[in-house]
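Next come structure tokens for two forms of one protein chain, structure 1 first, structure 2 second.
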Structure 1
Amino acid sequence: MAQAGEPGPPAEDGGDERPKWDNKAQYLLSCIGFAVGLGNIWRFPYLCQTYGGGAFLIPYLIALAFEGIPLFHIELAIGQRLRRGSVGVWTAISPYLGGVGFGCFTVSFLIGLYYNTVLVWVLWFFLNSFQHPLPWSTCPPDLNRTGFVQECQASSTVSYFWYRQTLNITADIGDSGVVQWQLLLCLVTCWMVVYLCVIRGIESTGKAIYFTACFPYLVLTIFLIRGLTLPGATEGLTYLFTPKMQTLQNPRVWLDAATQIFFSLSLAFGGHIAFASYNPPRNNCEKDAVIISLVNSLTSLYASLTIFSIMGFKATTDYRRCLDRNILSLIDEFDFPEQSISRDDYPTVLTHLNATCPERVARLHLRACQLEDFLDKSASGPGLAFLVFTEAVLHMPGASAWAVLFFGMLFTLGLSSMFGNMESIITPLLDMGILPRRIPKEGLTGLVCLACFLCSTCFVLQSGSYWLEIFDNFVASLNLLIFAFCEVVGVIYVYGMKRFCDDIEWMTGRRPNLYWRVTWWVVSPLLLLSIFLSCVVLLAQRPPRYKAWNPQYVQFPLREEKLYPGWVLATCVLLAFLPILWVPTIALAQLLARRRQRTDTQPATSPKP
């Protein structure tokens, strides 16, 4: 590694011959596109709603200041200084840390498999959104065409379209089912799109990122303007951000805030290191780290405003329909004139009837209509996009147009994240030079995309969504926390704080202040260690479970909670710890190699006469 104050690495290591960004905007948009992903849309709003609205912002901002931004600064600075991918960076810092780079490479490969499958689902819904009426607005007719499919009527139209017509999901993870041809075709399409966008690395993604990174903000703005004009938007936003300070006493709030920051910024994947390696050596990486981190967090807040303005409208619509059904039941039972009971009068009338005719009211089995109950029915992850939001769109005039915009936004949002993920895979391969030089970069990219496509076909089986959930829960959890801890320790304690600060001063023109040094030296490592131990304790307290869509379940349409079979648990453990094994394996291999080298170079001692 170059000493502080010296120029970058030689040309063969990626110095002068290394590709460069066309301009600073391309680099910033690529980092923002990689960091801002689907989690900003369907994870952050859910956490805010779950943990006391505005109160959740307190641990979130603390985690951002003492965990997210400092770690992000390290990745951008070390990638820019060494001008290599993740494997090359950590091998250059210390050969014993090379396993961190290989581990990040492995995690990025595994994440790319299932993350692009989410885009498959999005693409399928996007294509179906051009129909009018939307295919999830009504139940399909039964075989005799005398009624509707019973499973659909027992659940809901959106649930049936998602679980049966899209996934055709099995009732148990042990039953793999067959390949869903429509999803397989979408999978081919998605990997072709990814390949065409990353075919020449930053030379091609730098062009595509202008659209994929900016289009989601345009759509979010359109949805926010529309959402604020809908009835119930105020209730949704009030419910989202009303602070409930007592929730801060729950340790899980602080853990979820820290992990949300960590995964939202895409730390320890290696993508930001790869992106930064294409920067000019004298770029101000400190300023970039702060800007990108703040844009990412503000995007989460902006998305929350949009999502919950729409969710408030949906909850208000469901609440009014609930009241209307109850009112009609009372009118029919007590022979009231039509429209004689308004929604405002309903509580008073119901109280009077319960006092005078409780038996007759009890026979009606009226629903408990509370606006808060409908607001509570938010969801995280695919449930928000493919169940809750699709149902909300049905209540909006011009539903098809809004569905096209929404799923088009999700597709471009996920696609820009895939750019960084693929860069985390391809850049280390190019830096290591393990393939023959006669294979062009386009060929290497094609081989990587083909390998990812073949491995990800398991997710288009009928049981594919169960396996995607397993990958999502176990691949990017403990692995990345350990890699991030190794990154901090490797840079600050192995490479050295003084040397690292000298490099930053050479690149930016100023030395890191006390805030950066304290967080790197003490706060961030301790915070990462605490998060890791907390995650291990939570996993040990409750065996992993999954929820199966089983029409034979007694409480259908509720999903049946099941324990994973033993062989599936073994797979979960393998996914959670396989990438980590690179760290001790590479370190041990380096140790043995150096011992062997010392033994071979020792001069032979002549025997005593």
Structure 2
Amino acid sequence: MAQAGEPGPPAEDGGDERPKWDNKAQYLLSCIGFAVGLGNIWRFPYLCQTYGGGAFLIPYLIALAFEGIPLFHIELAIGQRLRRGSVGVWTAISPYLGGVGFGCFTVSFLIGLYYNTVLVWVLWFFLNSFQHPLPWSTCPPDLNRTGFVQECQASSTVSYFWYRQTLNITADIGDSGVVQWQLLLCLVTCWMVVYLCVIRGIESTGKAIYFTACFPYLVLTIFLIRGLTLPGATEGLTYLFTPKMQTLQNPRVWLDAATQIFFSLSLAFGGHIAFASYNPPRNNCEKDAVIISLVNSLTSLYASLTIFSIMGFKATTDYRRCLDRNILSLIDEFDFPEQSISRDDYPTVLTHLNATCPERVARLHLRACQLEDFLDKSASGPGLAFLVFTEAVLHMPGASAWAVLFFGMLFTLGLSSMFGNMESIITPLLDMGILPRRIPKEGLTGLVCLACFLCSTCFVLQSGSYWLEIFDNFVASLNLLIFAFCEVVGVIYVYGMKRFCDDIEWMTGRRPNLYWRVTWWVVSPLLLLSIFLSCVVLLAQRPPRYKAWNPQYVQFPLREEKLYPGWVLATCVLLAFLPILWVPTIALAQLLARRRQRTDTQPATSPKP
């Protein structure tokens, strides 16, 4: 524990030299790659669309300024100053706070398990994109080849490919089914790719990050240019970005903006602490924090431009197909010549026919086609990538190439986030000296990847995607918020605001100004606490439920809402609270150890907690 009031030279790290970044660019790219992940692509555009388009940017930027950047700065500064991973940092600040580090470590492990499973799905789609026509463009014929498979016909080709041919999903979470061998193969490959990149810690990830951090931007630009040239892109962009200010009155908007910033920056994983610990001691972490946060938010905006233009194109295509279907029905029913009704004439013709022969028109059950309805169909998460976007890609000329690019981009985005995740697991293990010195780093990273692979095989069962949803909802949200709160409180109140400001002045040459001090002292902890309480309230409001894909369901293809069975709920509670239990456990253990020490050595210089 650092005792001196004066910030002395950096703390020891075990005797041998700590690895360091080859150059500043590697460090920045690693942090950016860790922060910029799949959520920037499929969560932010959805939030933007649901919460009033451009108006959402207001709570988002406010949350960035008062919560995101201050917390991020703390992580980078404390990691750079104490030059340890998360467990080491918190043990150094106070032995009683060591539990925070262990908790971050556990959460990173759990998140790494399911995050890589998403990469498995992305890899599966990537492998299947190298063919024309794409496998999700048609339904397979049924047994006697008179029609298509019933499940496919009732839902859609992309849904069938996703739920049946990829996941082979069961109708209930209790029914685990068998391991999907094709996903298992992809899982092996994914973990081998992760191992290949983290094999020597930042020495290897530092090289890989050049590609994995920059490739997504290249692909986003290509998609943006292509998307803007597609019909309907401008409608999509204007409709989705037009601000609707009245949504700001809904408190849910502010909550979602704050949580989005928090999770988007990947705070409280311990990954940024680990990355910063490899920095030279005198490095301007304040500038780094601001730059990386801004790059992350700008990437989200840039990605939403691309996504909205493609979604606009998809909505326009669906709208035109809806119109064409209706026109064909009218032509077939009234035996008009082919192609005699254009899309523009359709409304007038329809009203005329409705006036003359309403019963025949009513018999056709024509669907009302409104462009806004199609534009309103939003999706987030895997649904956006694997259902909506894959369908949009089908209508673009050269579909296979676009699919390959898109899933390649998703893979590299997720991979660069996995690097940060794995660093937050590996760096504490290295600092703690878990394995004897003679076992090389490659062995340690190999063991970690093997352990993660074995644990994540549960996600390639047929019910795997239900479990992934559970992990996503329960592991990440509450735990990370608590650990972030402990981080702020631990650094500012336990380590000491004055000492921390002195450290930053020593490292960057400038003392943190009023903005930083106020946000660290008051604003960020309060914000975190309120977000945490809101999340708890929202979770407790109604029993958690999930949407199951059940072909036997009456309203198929709508997903059936089911409640979680008891044992699953118990697992949810365990996942949500077990990592947090590290904090009181370690504090208690330290307390007992000190008390025993005090009774053993009689005239004790009582150790200051």
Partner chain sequence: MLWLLFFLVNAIQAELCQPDAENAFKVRLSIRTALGDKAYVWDTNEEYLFKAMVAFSMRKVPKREKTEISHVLLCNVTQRVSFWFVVTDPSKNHTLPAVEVQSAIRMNRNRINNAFFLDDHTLEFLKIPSTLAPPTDPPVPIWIIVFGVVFCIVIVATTLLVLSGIRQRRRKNKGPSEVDDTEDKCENTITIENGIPCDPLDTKGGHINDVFLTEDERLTPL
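By rigid core we mean the largest C-alpha set that fits within 1.5 Å across both forms. Residue indices: 1-based, along structure 1. Quantities reported herein were computed from a predicted structural model and do not represent experimental measurements.
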Problem set entry | Matching structure (the form predicted together with the partner chain), either 1 or 2 | 2
For this session: Look at P337 and decide if its Cα position differs by 2 Å or more between structure 1 and structure 2 after superposing on the rigid core.
Result: yes
Problem set entry | Core-aligned C-alpha movement of R510 between structure 1 and structure 2 reaching 2 Å | no
For this session: Examine I482 after superposing the rigid core and state whether its CA is displaced by 2 Å or more between structure 1 and structure 2.
Result: no
For this session: Could the core-superposed CA displacement of C357 between structure 1 and structure 2 be given in angstrom, to one decimal?
Result: 3.8
